[in-house]
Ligand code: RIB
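Shown below, as structure tokens, is a lone chain in the form predicted on its own; questions about how it binds or moves come after it.
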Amino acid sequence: MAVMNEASRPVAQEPSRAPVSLLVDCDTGIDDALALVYLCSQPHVELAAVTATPGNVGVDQVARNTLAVLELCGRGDVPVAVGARAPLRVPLVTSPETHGPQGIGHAELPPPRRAPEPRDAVGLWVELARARPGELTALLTAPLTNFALALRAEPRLPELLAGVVIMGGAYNHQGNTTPTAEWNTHVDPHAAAEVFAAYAGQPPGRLPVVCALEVTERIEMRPEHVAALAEAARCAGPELVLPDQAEGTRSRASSPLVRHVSDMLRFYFEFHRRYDQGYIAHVHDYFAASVAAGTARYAARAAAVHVETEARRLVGTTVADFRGLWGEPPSARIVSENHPEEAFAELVSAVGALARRLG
């Protein structure tokens, strides 16, 4: 009988507010937008750049959403660049039923005043990583297309980056796109396979931290969290997003930030209810952002990861070998434990404070 390798035992991480500089790659739908809002609330977090990958919506809409969210948060200074326009080898599939036609639910954000950077996302990643070796942590909340292309362009990225946090995959959990596959990995399985192959055998501290469905689906946002956010923002009245209200009811919160976040989340609540998950929202990307920001308490286990790219019904399925049965070195640290109550206390406090500052 195989015995768990010492290296695969869970390793706990405690929260820290040490300064961190992030390169963020996203496909800005609702939970990506919430992740960006949260990162903008953190004084110790530098957003070095945000890049757009197609996924929840097409890449041009991703870029518009990203720019609009950053400007809403008073961060119009953050560079935003467009990357790939399609997955590496398969056609692009988007998710308007999950995030809405524009990717941000019922929210109607003011059009961004800026255009994306003229530089390609991959070139920007490589340029920044080379200019700031050991300083930048990558946060990837989208299909891994751009990151795979960046690794092709600069194979030394695992050594140049300070760390990597990935939202994606499902290891001991049902998929949310097929019975076994999570959305981000399913959209571009070949990119995910290339990324994990590139990290195989790296020192433990350089392995990507993977926030998969077994932990991100524990981060269930509920109407009471939206109400608490409005209260923390000192809105003029209560913010009630309730299951018996008509779908598409618009927020009247006195804080523009709370109003737009509420309108995004209402759509997400409605989607989850439509698929028999309750009037909740799994805010996957917020949790990954809190891991990258250092503000989450969690534990992770090292494993060799396989991403299925061939078997038709299993495309995008991720498998983790925690026990070394394949005889392959680890290629990721997979989060095995998190703390939802702490996560929401942090989110409400931080975003509420940001909303107060913005007025």
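Remember, predicted model here, so these are calculated numbers, not experimental data. A residue's number is simply how far along the shown sequence it sits, counting from 1.
Omitted here: the form predicted in complex with alpha-D-ribofuranose (RIB). The next part is about that form.
Per the 4.5 Å heavy atom criterion, alpha-D-ribofuranose (RIB) in the predicted bound form is contacted by stretch 177-185, the sole one of 271-279, 122-130, 251-259, 177-185. Proximity of Arg266 to alpha-D-ribofuranose (RIB) in the predicted bound form falls outside the 4.5 Å heavy atom cutoff. Proximity of Thr51 to alpha-D-ribofuranose (RIB) in the predicted bound form: non-hydrogen atoms within 4.5 Å are absent; the residue sits far from the partner. Heavy atoms of Leu213 reach within 4.5 Å of alpha-D-ribofuranose (RIB) in the predicted bound form, making it an interface residue. alpha-D-ribofuranose (RIB) is not drawn, but in the predicted bound form it has a heavy atom within 4.5 Å of Met167. Residue Thr141 is the only member of 112-145 with a non-hydrogen atom no more than 4.5 angstroms from alpha-D-ribofuranose (RIB) in the predicted bound form.
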